[in-house]
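Let's start with one chain on its own, the form predicted alone, as structure tokens.
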Amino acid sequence: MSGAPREWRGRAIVRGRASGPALPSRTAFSFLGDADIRSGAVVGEMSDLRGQSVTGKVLIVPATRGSAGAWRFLYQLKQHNTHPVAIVTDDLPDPSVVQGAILSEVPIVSGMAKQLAAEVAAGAMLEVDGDEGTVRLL
């Protein structure tokens, strides 16, 4: 990872700051079906994260997918304390995911997930700043 930037700048979507280990994915993620609310385990068959957990992680995904009800699932993850601490995407996240992140106080930054997935190892500690739109390697 030598020579790689230690801070990346994207687009701030949901305000707040959070730190946690990176959980990079190369597939779109749906809170409506990909994550078990009670455990935080990724159970969706379309996700390359199947068998891992989003709990306490910085979830790095190219896109979110889902329906108008996705906000409820992210909010329920927060209520069970099994939520990701932050979300980083390439594409603008689904509006319902944004709504759930606001209610759950989970910062979101977009425009850099593919780059992060290529440059940051799973488990690397990251700080996401949803106010500034930055992700920093700790």
Partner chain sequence: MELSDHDRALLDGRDGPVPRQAMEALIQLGEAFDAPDMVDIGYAHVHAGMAMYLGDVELMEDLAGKGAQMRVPVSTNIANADMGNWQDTHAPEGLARLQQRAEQAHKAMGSANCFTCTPYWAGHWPTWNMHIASIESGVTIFANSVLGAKSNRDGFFAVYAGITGRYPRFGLHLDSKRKATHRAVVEAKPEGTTDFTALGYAIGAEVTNGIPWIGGLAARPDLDELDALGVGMATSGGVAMFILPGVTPPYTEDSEAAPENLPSLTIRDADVRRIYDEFCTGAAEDFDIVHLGCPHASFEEMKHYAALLDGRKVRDGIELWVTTNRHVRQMAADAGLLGPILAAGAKVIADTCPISCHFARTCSPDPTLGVVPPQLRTIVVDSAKQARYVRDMIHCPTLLTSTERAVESAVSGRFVPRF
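Positions refer to the first chain, counted from 1. Just so it is clear, the model here is predicted, and its values are computed rather than measured.
If you look for the form predicted together with the partner chain, you will not find it shown, but the lines that follow are about it.
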{"item": "Proximity to the partner chain in the predicted bound form, single hit among Val42, Ile37, Ala28, Met112 (heavy atom within 4.5 Å)", "value": "Ile37"}
{"item": "In the predicted bound form, Val14 touching the partner chain (heavy atom, 4.5 Å)", "value": "yes"}
{"item": "Partner proximity in the predicted bound form: Gln99 to the partner chain, non-hydrogen atom cutoff 4.5 Å", "value": "yes"}
{"item": "Residue contact check: Gln76 to the partner chain in the predicted bound form, 4.5 Å heavy atom", "value": "yes"}
{"item": "Proximity of His80 to the partner chain in the predicted bound form, heavy atoms at 4.5 Å", "value": "yes"}
{"item": "Stretch 86-108: residues contacting the partner chain in the predicted bound form, 4.5 Å heavy atom cut-off", "value": "Leu92, Pro93, Asp94, Pro95, Val98, Gln99, Ile102, Leu103"}
